[in-house]
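So this first bit is one chain, no partners, the form predicted on its own, shown in structure tokens.
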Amino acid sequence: MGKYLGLDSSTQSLTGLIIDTRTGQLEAEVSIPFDAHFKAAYGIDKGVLHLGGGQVHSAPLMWAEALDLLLQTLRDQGHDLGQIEAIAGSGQQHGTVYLNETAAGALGQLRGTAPLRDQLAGIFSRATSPIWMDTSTTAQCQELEAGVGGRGALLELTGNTAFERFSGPQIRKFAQEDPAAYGRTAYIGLVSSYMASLLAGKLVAVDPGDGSGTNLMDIRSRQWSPRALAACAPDLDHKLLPITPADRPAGPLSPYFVSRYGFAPGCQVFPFSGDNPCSLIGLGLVEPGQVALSLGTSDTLFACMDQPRVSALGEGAVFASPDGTHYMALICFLNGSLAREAVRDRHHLDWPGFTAALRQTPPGNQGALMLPYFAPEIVPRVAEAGVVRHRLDANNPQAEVRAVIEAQALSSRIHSEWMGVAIRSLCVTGGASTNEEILKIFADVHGCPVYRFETANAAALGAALRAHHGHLKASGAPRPWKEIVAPFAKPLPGSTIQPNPAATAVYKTLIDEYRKLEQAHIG
């Protein structure tokens, strides 16, 4: 047991987090904002390049440069990187990186006397990487679904329908629009596997957690699907390494990092995973029935499942968990803070006034309901914005406030049923998680305890915990995941809210009424 480094290569920054498993403490947390350091050199805005026509890319060479800067910053702050026993990481999901035939040799011959940027500039067959924000592949999504036998067939095979941001459609578009460059591509990786390759000094494979976000992985076998690969692009099976278990060491750290930053030669590198699967670990969701809800601009529900169940309506994404056993469901409700703030502002309230309105109104809101689609909704699918009020006085601020929160809680319950998960607890994060009155409604609707877990970097924490777990297993002293996450993934003291049985009974009746209201207006 010792110190472990977790990295998170996100859209706008690279974050490094060191945990000390002997003390159960977070020892260091450093973030490198891309715009602050690389805006002029790479022409980025908020970490990305807008190329028109829905194309949004980033620069993989910039990510390598950020890695150098991050490690140098940690060292400059006085952290002894020689004490790090293993490294794992997360990457923004779906982004693809294209390397040529020189890449493997260049990675294996890195010299500590020159920065990564100078040594790796020539390894790319495509200078930029399409990322999750890219929406330019609608035609390729349709073609990929057709190629495997239809939308339902792809959903059943991979756990997801085709999404524009997913890797498979992006690879297909590249092969179609620039076949010469595609032909020069010897290796296609994800953001996660590319960053792991830098650290290991060799090409590293994708893990099942991130492979789930490609539309190319068989969700049950956790390996590339030959049928999906054939439908995606020619010769693709020769440009991908076989998917590797997340807890199988990728190898020792490259000598480059040993000589340049003082890491120990025996420091192990583990495959990186996607940011969402790593966040599942960082939030401590390693047993079925554990669920987290992030109340942000959009509300996002994360759940740990024992089986890869899918939504026939395509209401959620399904990923393999990096814990090696379970699966992850992710559901995104677009009208999160967006809707809460719209109601607050419409009635000229501040947040204390909003909270007071919740205290002053009864559970069930005397039957008044709202469908709070202030913007087109992802789950359930609503193409056009439009707020529906049922027995609700639009001029009653208190009733409107309760209606929007009850709608969000009821929707999260209804649209998570496809997961087949008996929710035993609900960990709530994000800005609105500080509001106890909001949390009471979620506790009552779900009929389970709700608690707060305040973490700004769940993905980086999850990566560090993965490094710890993998290192112990590789050392012949494995420990259960529950023990690994316990010291770091725990509720804020005093934050647990138990459900009120009387209110839960009210909402059991209201759930069916809300469901019928939804169906009447959106089908």
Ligand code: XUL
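Here, rigid core means the biggest group of C-alpha atoms that superpose within 1.5 Å across both forms. Note that the structure is a prediction, hence the values are computed from the model and not measured. The numbering used is simple: start at 1 and walk along the sequence shown.
Keep in mind that the form predicted in complex with D-xylulose is not shown, yet the notes after this line are about it.
Visitor: Pick from 444, 400, 275, 134: which has a non-hydrogen atom within 4.5 Å of D-xylulose in the predicted complex?
Guide: If I apply the 4.5 Å criterion carefully, the residue I get is 275.
Visitor: Since exactly one of 165, 415, 440, 326 fits, which has a heavy atom within 4.5 Å of D-xylulose in the predicted complex?
Guide: Here the answer is residue option 165.
Visitor: Where does D-xylulose sit in the predicted complex: which of 363-371, 306-314, 79-87, 292-300, heavy atoms within 4.5 Å?
Guide: Stretch 292-300 is the one.
Visitor: Decide yes or no: are 55, 140 and 233 jointly within 4.5 Å of D-xylulose in the predicted complex, with each residue judged by its heavy atoms?
Guide: No: none of 55, 140 and 233 comes within 4.5 Å of D-xylulose in the predicted complex.
Visitor: Can you tell me if residue 330 lies within 4.5 angstroms of D-xylulose in the predicted complex, counting non-hydrogen atoms only?
Guide: Result yes; residue 330 sits at the interface with D-xylulose in the predicted complex.
Visitor: When the contact criterion is heavy atoms within 4.5 Å, does residue 93 count as touching D-xylulose in the predicted complex?
Guide: Contact with D-xylulose, yes.
Visitor: Could you confirm whether residue 11 comes within 4.5 Å of D-xylulose in the predicted complex, counting heavy atoms only?
Guide: Taking the distances in the predicted complex, the answer for residue 11 is yes, it comes within 4.5 Å of D-xylulose.
Visitor: Is the gap between residue 319 and D-xylulose in the predicted complex 4.5 Å or less for some heavy atom pair?
Guide: Looking in the predicted complex, residue contacts with D-xylulose include residue 319, since a heavy atom lies within 4.5 Å.
Visitor: Note yes or no: does the Cα of residue 300 move by 2 Å or more between the shown form and the other one after the core is superposed?
Guide: Superposed on the core, residue 300 moves its C-alpha 2 Å or more between the shown form and the other one.
Visitor: Once both forms sit on the same rigid core, is the C-alpha displacement of residue 74 at or above 2 Å between the shown form and the other one?
Guide: No, its C-alpha moves less than 2 Å.
Visitor: Aligning on the rigid core, do we see the C-alpha of residue 379 shift 2 angstroms or more between the shown form and the other one?
Guide: Shift of 2 Å or more: yes.
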